[in-house]
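First, one chain by itself in C-alpha cells, the form predicted alone.
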C-alpha cells in the first residue's frame, strides 16, 4: 500500500482547487443584484452560486482528465450543458408564476432574456475555470505561488473579455428620456399634446392624474431605433422596470405615438421621485429578441457579396 502512487498528484490538486476558486469567483462577480432586483437574496444568491460552483468544478477537472486520456470528461461537459439549459427553463417557469403578483407583467420577451442571461453566466464560470486550469497545465511555473498566480491572471483576463462580449445595451443608449407634461381634456389624457387614453372621465381620476401622475417621453436617437422601441415586448419591459422602481398607486400607461416616434410612460406612483423613474427607464435592457442590426439591414445580402 505504501509504495503505490497517489491517485492524484499535488500539482493536480492545486490546479483543480485554483480553477474551481476562479470559476466560482467569476460567477459571484457577475451575480449582482442590480436595479432589477433579481435575483433576490439570500436564497437566489445561494442557488446561482452553487450552480456556478458545480460548473467551475466540471471545468477544473476537465483539463486533468484530458491529460490522463479520460475522454469521459467530454461526456460530463455535455451533461453540464444540459443542466444549464434546465436552469434557463426553471428561471422561465419561476418568473412566469410571479407575473400576476407584480405591478405590471415583465412579458415573455423580458423573461426569456433574463433566463438566457443566467444560463450564460454559468458558461462564464465554466470557461474561466477551464482557462485557468489550461494555463496552469501548459506553462507549469517552477514555484507554486507563480503557478497559482498565472492561473488567476488568466482567469481574470478571460472573465474581463467574456463580460465585455456579453454586455448588452440599455434604453438610455439609444434614446433620450425626458419628463413630460400631463393634460386632461374632458375624458382624454394627453402627454405633451399626444393622446394617451380616453378613459379618465371621472373627476377623481382627472384630479389624481393632474396632481400625482408622472410622465416621461422616450425618443429614439436615430430613426432606425424605432424598430426596437416600437416592439410590444420592449415597451412592457420598460413599464415593468418603471413600476417596479417607484411603485403604482393607481394608473399606468405605455403608449406609442407613431407620428413622432416617441414612447410615452404615465404612472401614478407610490414614490414621487421623477429622477428614479427616468433612471429606471434609461437602465432597462434592450431585449435580445427585438434588437436589429442597422448595418446588416443595409447590406445587399441577396447579391451574394
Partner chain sequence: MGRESTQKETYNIIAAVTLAHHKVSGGNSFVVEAQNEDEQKQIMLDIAKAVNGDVTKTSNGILIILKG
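Keep in mind the model is a prediction, meaning the values are calculated, not measured. Positions refer to the first chain, counted from 1.
The same protein has a further form, the form predicted together with its partner chain, not shown here; the description that follows concerns it.
For a residue to qualify, one of its non-hydrogen atoms must sit within 4.5 Å of its partner chain in the predicted complex; none of 226, 283 and 289 qualifies. Among heavy atoms of residue 78, none comes within 4.5 Å of its partner chain in the predicted complex. Contact annotation: residue 121 falls outside 4.5 Å of its partner chain in the predicted complex, judged by heavy atom distances. Using a 4.5 Å cutoff between non-hydrogen atoms, residue 165 does not count as a contact of its partner chain in the predicted complex. Using a 4.5 angstroms threshold between heavy atoms, residue 51 stays clear of its partner chain in the predicted complex. For the options 115, 191, 213, 200, the one in contact with its partner chain in the predicted complex, meaning a heavy atom within 4.5 Å, is 200.
A heavy atom within 4.5 Å of its partner chain in the predicted complex is found for exactly one of 246, 254, 30, 58: 254. You can rule out all but one of 165-173, 227-235, 69-77, 82-90: in the predicted complex, only 227-235 has residues with a heavy atom within 4.5 Å of its partner chain.
Contacts between stretch 159-187 and its partner chain, counted in the predicted complex as any heavy atom lying within 4.5 Å, involve 187 alone.
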